[in-house]
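Here's a solo chain for you in C-alpha cells, the form predicted alone.
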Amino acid sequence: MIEVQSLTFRYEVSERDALRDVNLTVPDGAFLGIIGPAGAGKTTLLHCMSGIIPHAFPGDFYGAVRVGGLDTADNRLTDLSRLVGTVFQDVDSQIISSVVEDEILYGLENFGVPHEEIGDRLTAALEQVGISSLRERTIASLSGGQRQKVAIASLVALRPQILVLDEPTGELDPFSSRQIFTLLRTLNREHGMTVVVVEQKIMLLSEFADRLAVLNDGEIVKEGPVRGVLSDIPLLERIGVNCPRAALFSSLLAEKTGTEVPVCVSAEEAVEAARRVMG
C-alpha cells in the first residue's frame, strides 16, 4: 500500500510548491493512473512515492509518504527500491548495460539476490514480460517498446511490490503503447503488483487503470474510479486535460438523446453505446 498524507513539497530552487497538501491512498493490487496538465506535479508525486524525493532532490518536504509500511523519509533509497520499482520517462537514462541479459543481471547482482536464485529470476522475468527471445540482443538493436520492456523486466526480476512509471509510452507508437499497457495489466492482475502510471494518453490509460487521480497546480482535484473521474468533463476541460473522445462521445450522446449512457472508455464501448441508443 502507498499512503500519502498531507504531502507538501517545494524544490530547493523553486519559489512555489510543486505539491500542496496531497492526500492519497493506493491499496495493494491497485492500478492507478495519474493525469493532469503540464506542470501539475505528476512526476514529483511519483518521485515521492519511490523515495527519490526527499533523498535525491533537496527541498522543503512536509507530511508523510509510506510504501509497504515504510516511511520514505526515514528509510534509505536502496531499501525503498526493493519495494518500489521505477521506470523513468527517459528509459534510456536508466539502462546501463549493452546486452539485455546483462541489464537484468546488473540489478540482481547489485541488490544482493542469492547467487543460486539469479538464473531462475532472470529467466522468469524475461518470460513474464514476454521478451525471452531478446535475451542475447544488444540494447542498441531494440525498438523503443522493447527497451521499455527490458527496463520493466529488470525491475520485475527484483520482485517489487509496486511499479511506478512516468509516461512509459511517451515515445512509442500506438501498437507498442498498447503492448506496454497490456503487460502492466498482466503484472497487476496475474502477479499482484500495484501499478501507478503517469500518462498523457488518457484514453489508453483509462482502458487499463482501475482508478484515476487528477492533479492540477500541485493538488489532487479529483480521484476515484475511472468512469467517475471521466464523467466530470467540465473539470477536466477547465484545467486543460484532454478528455478521451469516447467519454466525450458518450456524454454528448446522452445529452442529445435524453437517455442514460454509461461513460465510455474505449472506441468499442462508444460504438456499442450508439447501437443501443439508436436501436
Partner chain sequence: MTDLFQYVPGNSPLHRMNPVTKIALTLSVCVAAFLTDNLFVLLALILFDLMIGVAAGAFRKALAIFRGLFKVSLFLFVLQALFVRRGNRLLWIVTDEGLSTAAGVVLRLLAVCLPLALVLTVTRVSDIAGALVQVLHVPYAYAFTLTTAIRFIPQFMEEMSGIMEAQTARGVEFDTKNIFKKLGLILPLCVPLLISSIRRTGATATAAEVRGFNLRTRASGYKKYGFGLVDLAAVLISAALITGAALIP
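Just so it is clear, the structure is predicted and the values come from calculations on it, not from any experiment. Numbering follows the first chain given and starts at 1.
Keep in mind that the form predicted together with the partner chain is not shown, yet the notes after this line are about it.
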Check: Quick one: of Met193, Leu183, Ile131, Leu158, which gets a non-hydrogen atom within 4.5 angstroms of the partner chain in the predicted bound form?
Finding: Leu158
Notebook entry, point to check: Are Phe61, Ala73 and Val164 jointly within 4.5 Å of the partner chain in the predicted bound form, each by at least one heavy atom?
Noted result: no
Margin query: Under a 4.5 Å heavy atom criterion, is Glu127 part of the interface with the partner chain in the predicted bound form?
Written below: no
Checklist line | Contact label in the predicted bound form: Ser81 to the partner chain, heavy atom within 4.5 Å | finding: yes
Check: Would Phe88 sit within 4.5 Å of the partner chain in the predicted bound form, counting heavy atoms only?
Finding: yes
Check: Are any of the heavy atoms in Gln148 no more than 4.5 Å from a heavy atom of the partner chain in the predicted bound form?
Finding: no
Item checked: Residues in 108-123 close to the partner chain in the predicted bound form, defined by a heavy atom within 4.5 Å, in order -> Glu109, Asn110, Phe111, His115, Ile118, Gly119
